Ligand SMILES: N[C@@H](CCC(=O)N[C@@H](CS)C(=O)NCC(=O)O)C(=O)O
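So this first bit is one chain, no partners, the form predicted alone, shown in structure tokens.
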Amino acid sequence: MKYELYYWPEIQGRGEYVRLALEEAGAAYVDVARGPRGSGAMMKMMDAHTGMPPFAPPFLKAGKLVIGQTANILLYLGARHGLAPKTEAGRLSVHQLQLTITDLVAEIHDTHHPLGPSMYYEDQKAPAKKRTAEFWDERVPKYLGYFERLLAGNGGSYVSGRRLTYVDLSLFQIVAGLRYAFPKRMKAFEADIPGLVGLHDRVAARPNIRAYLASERRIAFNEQGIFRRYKELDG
């Protein structure tokens, strides 16, 4: 089966967590909106007036199934491609961690758009600077400290132990994205999260991920996505 991934064609965004899972699994997929007339096909699916159309991308078409929401897609892919534990308890635990990452991603977005996405960044610079300071003082230590403790407590190379799951791929993206958006702040903070830094490096070295990162399929970080580099927010 060849998967169809629907997401905005110019950014990594929330779709990137799904791309990383598909790439690690070696799954056949097409990034639909990056092809000709693909964005129109994506919008048509969301505008359908029958059934239960997805609210927003990313969503994945797998045969007759259409699955929306990043964590929900990863729950589906993880069970089918060896990217989640085999037990129900294990799968739910990993899903729970992915939902926590979803919360973190929303807070990362709010550093540069604290007053909402309908306003330009230039119209909310002062609130963004305040939100970013709070984010690094309070939220980053809480979130990344939590995952750092999980890595240390489970005693393996990955969050849930010796086997990689989609959560490890997502944490790789978090570290990479924070390094892009906040290079100065992240460099100073990395001494507090050696486990996550090591996890990032192990994921980046995996053959399928290494090939993906070097390919044109990996969209570069840019100032339209979730992770945005604004010098004035980087301390």
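Every value quoted in this text rests on a predicted model; they were computed, and no experiment measured them. Throughout, we count residues from 1 along the sequence that is shown.
Omitted here: the form predicted together with the named molecule. The next part is about that form.
*From the list Gln96, Asn154, Gln124, Thr102, which entry has a heavy atom within 4.5 Å of the named molecule in the model of the complex?*
When the named molecule is considered in the model of the complex, the option within 4.5 Å is Thr102.
*Answer with one of Ala204, Ala188, Ala56, Ala41: the residue that has a non-hydrogen atom within 4.5 Å of the named molecule in the model of the complex.*
Filtering the options by heavy-atom distance leaves Ala56.
*Flag Arg14 as yes or no: does it have a non-hydrogen atom within 4.5 angstroms of any non-hydrogen atom of the named molecule in the model of the complex?*
Because a heavy atom of Arg14 falls inside 4.5 Å of the named molecule in the model of the complex, the answer is yes.
*Does the named molecule come within 4.5 Å of any heavy atom of Thr70 in the model of the complex?*
It does: once the named molecule is placed as it appears in the model of the complex, Thr70 has a heavy atom within 4.5 Å of it.
*Any chance Tyr3 has a heavy atom within 4.5 Å of the named molecule in the model of the complex?*
No, Tyr3 is distant from the partner.
*What residues of 1-28, in sequence order, lie within 4.5 Å of the named molecule in the model of the complex by heavy atom?*
Sequence-ordered list: Tyr7, Trp8, Arg14.
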